[in-house]
Each structure stands twice: as structure tokens, then as C-alpha cells.
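Read the single chain below, which is given as C-alpha cells and is the form predicted on its own.
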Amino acid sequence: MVFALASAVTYAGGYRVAVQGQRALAMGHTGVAVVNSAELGFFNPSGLVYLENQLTISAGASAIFSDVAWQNEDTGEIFRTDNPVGTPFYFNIAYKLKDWLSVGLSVYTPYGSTVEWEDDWAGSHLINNIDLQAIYIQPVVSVKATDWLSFGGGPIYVTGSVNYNRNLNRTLTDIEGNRSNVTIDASGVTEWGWSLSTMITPTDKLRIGVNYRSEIIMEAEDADADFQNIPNTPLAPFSDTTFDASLPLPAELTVGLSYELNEKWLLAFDYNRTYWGVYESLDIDFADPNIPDSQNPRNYEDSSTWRFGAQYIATDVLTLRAGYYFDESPVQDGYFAPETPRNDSMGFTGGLSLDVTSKLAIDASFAYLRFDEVDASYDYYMENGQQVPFSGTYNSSTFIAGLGLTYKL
């Protein structure tokens, strides 16, 4: 049987959530070389020292509307997800202690998902629903070594949880015909990581940024596994127990540049490499010796994202932004599970900032993600000692609308 501790979103590679700032998202999620707000706490902490104001705060949230449809290629049968609206958030604060030294705190949600398929759909033996959350809390420091070179980074504390449900197999029911299923729940899972960054400013118009965020392995220990609608038979030895499992949050490297064409126009480019190769398998170790442990191959591969953005200062109080990015899927052929309905995508973004006062601005963004339609399968589901592939055609789309505030003092 296949168990899954955590799953994917339909708007970023793997289970990555690419929504960490309204200004950045509006510019195609570029930000590693853009100095315009405390969003740098996530994108490139070394840039905080270049902010003009002593205190800068950026905070916001987004509403994510996603839809995934699966179709049986032979019968034409169709099932869709019925996902609640996702709401990733961010909070960044930066304070300049000296001209060469700034400190800050960033809180953000780079991993997470809420996916709900229709009850007893064709792939319910793989997933019914999942709710995954991971919150990063990161104190940062930014140091200007010279007028053109700075460094930044800090430790990362992560807290996360997951609740996941699937049917035990394709046919098992209790005496009343209710499908046998399991709910896996792990909360309060914590771990530490770190980030390191640099920013180079060779001219007044050109900035170059590099940011690295470490791999973090989330270890769930003595988490709860709740089995429901189990028939009274020795052939189904399932009872409530605990389990241990681990989930990798992969390392990321982002490099990029920004160029100021003139007083009104700013162009930006980011290249992101996410080291998904660490996610080789999801293994579940049950405390009850009567329940077989579960090995679930994922075999992800490292993936890249290319991001392009532009900013235009239209008036003294209005700034417009637009962008585009191409995001590779880390999922390989034969490993496309419906809890990770993720294929290559293109993102089209836009947004604006409106200065309400000289200290306060409203930031807004939107993004439309167009995913390639894909005929794919997961070939490693095991039932009665046999591999039972699950395949179909997946069609996905996502719309994101976000709102935030930037405060400067």
C-alpha cells in the first residue's frame, strides 16, 4: 500500500509555495537583486542594508484558487479537486542599526498545500485529501562590507504539520460497505536550517544577488495513524497506532540581477535551482509490528525556474509591475502521483503599489499559472504484492490574488 505524509501544491514545483511577497510576485517572483521593501528578508537578506529607511515592514497574504482535473483515457471518466482557498502569508521587518548594519525578522510559508479530491474517486487508494503547512521563522542580519558588497543571512526555525487521508486499497470496506481508510496526522514538527546571501552593486544601476537556503529534513516521531471502517478479519490487521517518517524541504539557490534603465523603469531576472533530488522516497515506519512499513518511491529530480520582471513608476504615488516565469516540474515519468499533480508551468503576473501616505503603501498582485496538460502515471502502488499503475490525463490551473502593506519610518 502507499502512504503519503505530505503532498504537493498545484502552483509551484513539488510542494513549494512561490508566494513570498506582493511586490516580488507581481514582478514574476523576482527579488534576489531588487531593493524595494523588507521582502528582501526572504529573497536576499544581504540587501536589507541598502533600504533607505531606518524601519521597514512588509506584510501580506494571498488567496490561491486552484483546480485539478483527472480523466481516464479509456473510459472518459473525470474527477476534479474541490480545494479550499489557500492563504499563504508573509511578514518581514527590517531595522537599520548603522549605515553598514541592519537586522530583521522574516516569517513566511514556503511549503504547504490543501488538496481535496471527490469522495471515493478513482485514485482514492492514493489520496482523498491533505492539509500540509510549514512556517519558516528567520532572524536575519545584513552587513555592508564595502559600498558595493554586502552579506546577509541567519538561522531558520521551521514548524509544520500535516493531515492526510486515503483509502487503504481499491476495494476494502467494512460490513456496511464503507471504504476502509487511514488518516495520518502529525503536528508540532520542528527543525532548524539556515540561509546565506550576498549582493554586489558594481554600478548605480546594476545589482547582482545570490541567496542560498539550506535543506531541512522534517522528522515526524510518534505521530498518529487512525484507521477507519476496518472489516473484522485477520486479513486486515489495521488498528490505530503511531508512526515515524521524514519529509525533506529541499535546498534552494537563487541568482539574479536587476537593472535600472532610467528613473522610471527597473528590469529584473532570477534563476532558481531547487535541489529536489533529496526527495528519493517517502518511508513510513509504523509502531504496530502487524502493520507493514511503507516505502513510497518519489525519485524527484532537481528543477529550475526562470523568472523575469519589470517595474514602472507611473506617478509619485503609483508603481506598476508585471512579470513572467517558467517553472520546471521535479516529478519524473512514472512517479506522477495525484497527491503531487504537478507538471511544467508558465506564470503570468502583475500588480501595483499605491502610496497612501509617505510612510504607508498598499501592495497588490495577481498571477495566473498555466500548466501543461500531461498524460502521466504513478507506477509504484503495491497491492497484494503486485505493482498496480495509476494513470490518466491531468489538467491544472491556478489563480492567485494577493494584498499587502509596506510601512517605512
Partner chain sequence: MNTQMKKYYLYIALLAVGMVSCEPEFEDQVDDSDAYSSGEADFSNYVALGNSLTAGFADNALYITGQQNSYPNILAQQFARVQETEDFDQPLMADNAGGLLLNGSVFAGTRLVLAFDAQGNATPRAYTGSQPSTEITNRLTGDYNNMGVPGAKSFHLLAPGYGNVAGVATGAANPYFARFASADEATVIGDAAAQNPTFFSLWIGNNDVLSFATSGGAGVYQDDPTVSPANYGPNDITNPMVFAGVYSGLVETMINAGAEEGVLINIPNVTDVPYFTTVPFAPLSPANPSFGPMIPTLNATFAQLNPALTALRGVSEETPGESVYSIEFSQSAASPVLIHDESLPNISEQLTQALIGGGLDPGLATIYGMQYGQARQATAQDLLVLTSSSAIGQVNTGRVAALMAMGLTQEQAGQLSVNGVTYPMEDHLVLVPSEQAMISSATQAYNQAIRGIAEANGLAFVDAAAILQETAGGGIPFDGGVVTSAFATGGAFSLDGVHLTPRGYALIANRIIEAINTTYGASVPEVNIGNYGTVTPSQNVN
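Residue numbers count along the first chain shown, from 1. None of these values were measured; they are calculated from a predicted model.
Just so you know, the form predicted together with its partner chain exists too; it's not on screen, but the next bit is about it.
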item	value
Contact test, all of Q71, E383 and S397, partner its partner chain in the predicted bound form, heavy atom 4.5 Å	yes
Contact of E263 with its partner chain in the predicted bound form (heavy atom, 4.5 Å)	no
Contact of F65 with its partner chain in the predicted bound form (heavy atom, 4.5 Å)	yes
Its partner chain contact at P237 in the predicted bound form, heavy atom, 4.5 Å	no
Proximity of L403 to its partner chain in the predicted bound form, heavy atoms at 4.5 Å	yes
Position in contact with its partner chain when the complex is considered in the predicted bound form, options T203, T75, T146, N290, heavy atoms within 4.5 Å	T75
In the predicted bound form, the one of M346, A61, I362, L55 near its partner chain [non-hydrogen atom within 4.5 angstroms]	I362
Stretch in contact in the predicted bound form with its partner chain, which is absent here, among 98-106, 273-281, 314-322, 212-220 (heavy atoms within 4.5 Å)	314-322
Contacts with its partner chain in the predicted bound form, stretch 152-186 (heavy atom within 4.5 Å)	R170, T171, I175, E176, G177
